[in-house]
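In structure tokens, one chain follows: the form predicted on its own.
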């Protein structure tokens, strides 16, 4: 069982208020989906950050393509407790500017950040500031010297090792690595190879995984194979979808593997021609509340009498009904009957009693 997984021993890297690696809980992260530069007020971004924090996001990355974005991200980082990460490509000066602020981690790509002397300048300032680095190796943006390697996973590992060698010469230790490809097998192979000979904590995920359904499936396949093998210290499910759904998908993977617990387990009817209760509509209305609570309970939302009673007996709290009436169960026993108009409030009220 996944609950008995023996995780790879990795070094502990402090990133803001959390630690990555060293036996710390596997953290869940996502990425901000919009450019920062057009935003005139940090307040707008902060509201989005609070929403993500409420549903359990533990690390949030921002693209920093220009100096205005670096300065705005620095302002936001000084006003939030959630650890923020600056994602830097091409211009190491942007990373240097970000290091003037309480940004928790800087992410660089060895394929495009520039000469070793630029990395050295960045590392020295990061060491002075006590800021962690993430070296992000992507299959699609490898250093030119490695792009002809037939085995892409091997090329990714070599790119990571070249950067690790430079960082070790500079005696810089608070580093997280990631090795990502757009396909499952390459991602798994690269991470497995790297983890066999290095103790750096690993950020794992499939890059450019795709839209909600396809991307979640692909990410689940890759992450499950790695996590069951003990590989991975922080995860992101990269979707062409909202950051909220990325967080929920990552939490669900970890929870179903028995590696973390993130609030209620939801059992819900897929609906069919026997459905007499609007499961989908009820879920849409109650889901925002479920994502914000930290309770180890099982909730069943059922649409018909075939599986509903059995699932309701197993669940801590269950609900079903017809068009105008609902019934709320606790361990299979009816505790409330309500009109459909009051179903949501009654359900939340009972859930809060746990």
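Computed from a predicted model, the values in this text were never measured in an experiment. Positions refer to the first chain, counted from 1.
One more form of this protein should be noted, the form predicted in complex with a further copy of the same chain, which is absent from this view; the next part is about it.
Visitor: Considering a further copy of the same chain in the predicted bound form, which of 271, 112, 78, 145 comes within 4.5 Å of it through any heavy atom?
Guide: The residue in contact is 271.
Visitor: Just one of 267, 154, 192, 164 has a heavy atom within 4.5 angstroms of a further copy of the same chain in the predicted bound form, so which one?
Guide: Filtering the options by heavy-atom distance leaves 267.
Visitor: Within 4.5 angstroms, counting heavy atoms, which one of the listed stretches 98-106, 119-127, 81-89, 193-201 is next to a further copy of the same chain in the predicted bound form?
Guide: Partner-contacting stretch among the options: 81-89.
Visitor: Non-hydrogen atoms within 4.5 angstroms of a further copy of the same chain in the predicted bound form: do 64, 141 and 302 all have one?
Guide: Every listed residue reaches a further copy of the same chain in the predicted bound form, so yes.
Visitor: Are any of the heavy atoms in residue 236 no more than 4.5 Å from a heavy atom of a further copy of the same chain in the predicted bound form?
Guide: Answer yes; at least one heavy atom of residue 236 falls within 4.5 Å of a further copy of the same chain in the predicted bound form.
Visitor: Going by a heavy atom distance of 4.5 Å, is residue 208 a contact of a further copy of the same chain in the predicted bound form?
Guide: Within the cut-off, so yes.
Visitor: Are any of the heavy atoms in residue 216 no more than 4.5 Å from a heavy atom of a further copy of the same chain in the predicted bound form?
Guide: Flag for residue 216 set to yes.
Visitor: With a cut-off of 4.5 Å between heavy atoms, is residue 131 one of the residues that contacts a further copy of the same chain in the predicted bound form?
Guide: Residue 131: no contact with a further copy of the same chain in the predicted bound form.
Visitor: Let me know which residues along 244-266 have a heavy atom within 4.5 Å of a further copy of the same chain in the predicted bound form, or say none if there are none.
Guide: Contacting residues: 245, 246, 248, 249, 252, 253, 256, 257, 265, 266.
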